[in-house]
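One chain comes next, on its own, written as structure tokens: the form predicted on its own.
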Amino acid sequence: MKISKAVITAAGPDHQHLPLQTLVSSSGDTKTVLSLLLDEAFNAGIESIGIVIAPGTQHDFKSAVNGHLEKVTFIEQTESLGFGHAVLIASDFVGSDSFLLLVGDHLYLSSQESSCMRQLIEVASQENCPVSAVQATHESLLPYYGVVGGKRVSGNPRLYEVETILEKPSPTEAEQSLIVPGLRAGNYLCFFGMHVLTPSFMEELARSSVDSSGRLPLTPSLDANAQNERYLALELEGRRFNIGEPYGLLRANLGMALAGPKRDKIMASIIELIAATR
């Protein structure tokens, strides 16, 4: 399975400004969050990217892509009708291809030479099926994520057969349906903010129904897809930074800085700041 397209959702009223924020990358360059996402995606083999944006924001987003404009298509979500709707309106861009789905308010830092996106794309290509990136996460953070239940694939401690997916479950729901054998007690597999999805998922999404608030969520279609075809979850070797959380951009900045060549200088500055702050 070849994955050459990606979709980035960046139209939510509370999140549309986040991809435009700037920070210093691990190499020391000042870039926008969107530019860093595009850099990683294109370096992982993606050839074209559709960015779902809110009306009236295209000029700002064009200014934030940092040289990638020719490989980017902007898709306007004229109404804010949910994450699933944002993905669905990218159907014409995706066509009949499998694609990488990203959210515009997450950044990633790999703990190995291969980037997080490349890790996911390589597994999806090898396994020829949809794969969602996940990270073992403490149950106190369940209200912020979609959560996967399943079992480990024999011979690969980071790969899981997906059986159930729930959006922001309570600890009780998670304990009943989402415990994964082998994970530390109180930890669950939460979405990492990136997925490789297939044309059959888009067909499932097109058949799905809006919720009581009139919005089209994504997770129910992911769960339905898991019931109808082989669906895997990959525990990536890396970290996610949700810049929409309080101090999320600060944590991302620190993570990038500590992964760069000036780590010792940054560490010394942090220690000095801690010592001087009461």
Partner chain sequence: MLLDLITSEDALVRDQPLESACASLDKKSLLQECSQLDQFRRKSENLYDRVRALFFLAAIHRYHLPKKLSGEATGSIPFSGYEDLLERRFEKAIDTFLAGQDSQGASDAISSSLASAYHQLAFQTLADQVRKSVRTVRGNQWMFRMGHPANQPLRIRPELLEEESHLFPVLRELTPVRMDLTHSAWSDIFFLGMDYPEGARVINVSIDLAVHGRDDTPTPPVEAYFRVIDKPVLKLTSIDLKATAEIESLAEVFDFAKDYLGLLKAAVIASGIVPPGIEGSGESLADLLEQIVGPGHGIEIISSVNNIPKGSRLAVSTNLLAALISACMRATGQTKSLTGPLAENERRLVLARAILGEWIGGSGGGWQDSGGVWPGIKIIEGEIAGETDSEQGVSRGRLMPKHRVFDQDEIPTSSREALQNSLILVHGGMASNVGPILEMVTEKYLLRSSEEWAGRSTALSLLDKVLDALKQGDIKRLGALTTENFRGPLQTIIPWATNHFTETLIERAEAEFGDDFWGFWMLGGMSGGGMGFIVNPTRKAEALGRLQEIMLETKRELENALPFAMDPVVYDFQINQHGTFGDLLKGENSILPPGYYQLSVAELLRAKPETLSACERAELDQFANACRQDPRFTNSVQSLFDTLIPRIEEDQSEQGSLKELLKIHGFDSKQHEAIRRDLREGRIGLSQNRLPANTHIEDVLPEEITDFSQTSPSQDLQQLGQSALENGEVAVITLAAGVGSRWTQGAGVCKALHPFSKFSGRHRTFIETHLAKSRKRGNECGTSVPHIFTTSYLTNPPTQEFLNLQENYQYPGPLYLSPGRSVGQRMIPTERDLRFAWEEMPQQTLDKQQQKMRQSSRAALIGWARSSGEASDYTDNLPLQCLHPVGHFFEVPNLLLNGTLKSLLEERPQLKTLMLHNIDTLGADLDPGILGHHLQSKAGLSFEVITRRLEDRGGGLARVNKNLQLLEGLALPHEEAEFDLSYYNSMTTWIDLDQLLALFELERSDILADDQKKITSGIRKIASRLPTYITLKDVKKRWGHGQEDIFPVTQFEKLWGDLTAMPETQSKFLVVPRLRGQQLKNPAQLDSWLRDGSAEHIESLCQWD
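Residue numbers count along the first chain shown, from 1. A quick note: this is a predicted structure, and the numbers were derived from the prediction, not measured.
The form predicted in complex with the partner chain exists for this protein as well; it is not shown, and the discussion that follows is about that form.
**Student:** I'd like to check something about P199: if you look in the predicted bound form, is any of its heavy atoms closer than or equal to 4.5 Å to a heavy atom of the partner chain?
**Tutor:** No, no contact at 4.5 Å.
**Student:** Is Q176 near the partner chain? Define near as a heavy atom within 4.5 Å, in the predicted bound form.
**Tutor:** Residue-level check for Q176: yes, a contact with the partner chain.
**Student:** Taking the partner chain as it sits in the predicted bound form, is S110 near enough to touch it, meaning that at least one heavy atom pair lies within 4.5 angstroms?
**Tutor:** No, no contact at 4.5 Å.
**Student:** Is F192 close enough to the partner chain in the predicted bound form to count, meaning some heavy atom within 4.5 Å?
**Tutor:** Contact check for F192: no, nothing within 4.5 Å of the partner chain in the predicted bound form.
**Student:** Among H138, S170 and A185, does every residue place a heavy atom within 4.5 Å of the partner chain in the predicted bound form?
**Tutor:** The answer is yes: all three residues contact the partner (heavy atom, 4.5 Å cut-off).
**Student:** When the partner chain is placed as it is in the predicted bound form, which of 200-208, 97-105, 139-147, 70-78 ends up with heavy atoms within 4.5 Å of it?
**Tutor:** It is the stretch 139-147.
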